[in-house]
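Next up: just one chain, as structure tokens, the form predicted on its own.
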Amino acid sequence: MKNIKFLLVGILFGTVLTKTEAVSWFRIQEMFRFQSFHMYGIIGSAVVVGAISVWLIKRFNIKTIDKQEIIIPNKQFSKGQIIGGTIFGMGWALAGACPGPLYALLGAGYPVILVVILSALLGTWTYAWLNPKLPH
């Protein structure tokens, strides 16, 4: 019962994704074919909100609900990010959905998305298994 807030936020997030058509395979196809600005606008808005949020956290030394310091480590570039991003983008284009709305699509009544969810879980498991062998 103590984690009900996470379920409620998840339901809200899924509703927003569905209402903005961010879960629409048609909108995603339009994006990858450069036929519409719709998804670029949604993603761009998320990037701007994220950037402002990180700036506010750093500027005002905002702490977590538990009064713990929020530490955002610097990231170093590696070619693995390019390879991983390419694989992610190919999967996104093939599935018509990124990982965020998968469960929203399932909840919206598209059971075929279970194939994508199981594939994403298998990919996550494979990455965890291979990670120690990958260059860092």
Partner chain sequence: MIVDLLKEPWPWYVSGPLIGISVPLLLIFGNKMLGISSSLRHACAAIAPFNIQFLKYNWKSEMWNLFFVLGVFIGGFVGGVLLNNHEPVQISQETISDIKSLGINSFDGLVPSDLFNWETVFSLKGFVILVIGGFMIGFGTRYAGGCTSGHAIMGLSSLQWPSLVAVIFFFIGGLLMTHIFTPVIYSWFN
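Definition used throughout: the rigid core is the maximal C-alpha set that superposes within 1.5 Å between two forms. Numbering follows the first chain given and starts at 1. Note that the structure is predicted; figures quoted are calculated from it, not measured.
Form predicted together with the partner chain: not shown, discussed below.
The closest heavy atom approach of Phe60 to the partner chain in the model of the complex falls outside 4.5 Å. Of all the residues from 13 to 41, those having a non-hydrogen atom no more than 4.5 Å from the partner chain in the model of the complex are Phe13, Gly14, Thr15, Val16, Leu17, Thr18, Lys19, Thr20, Glu21, Val23, Ser24, Trp25, Phe26, Arg27, Gln29, Glu30, Met31, Phe32, Arg33, Phe34, Gln35, Phe37, His38, Tyr40, Gly41. The two forms, fitted on the rigid core, differ between the shown form and the other one by 2 Å or more at the CA of Phe77. Panel note: the distance between the CA atoms of Lys58 and Leu8 is smaller in the model of the complex than in this form, the difference being 3 Å or more.
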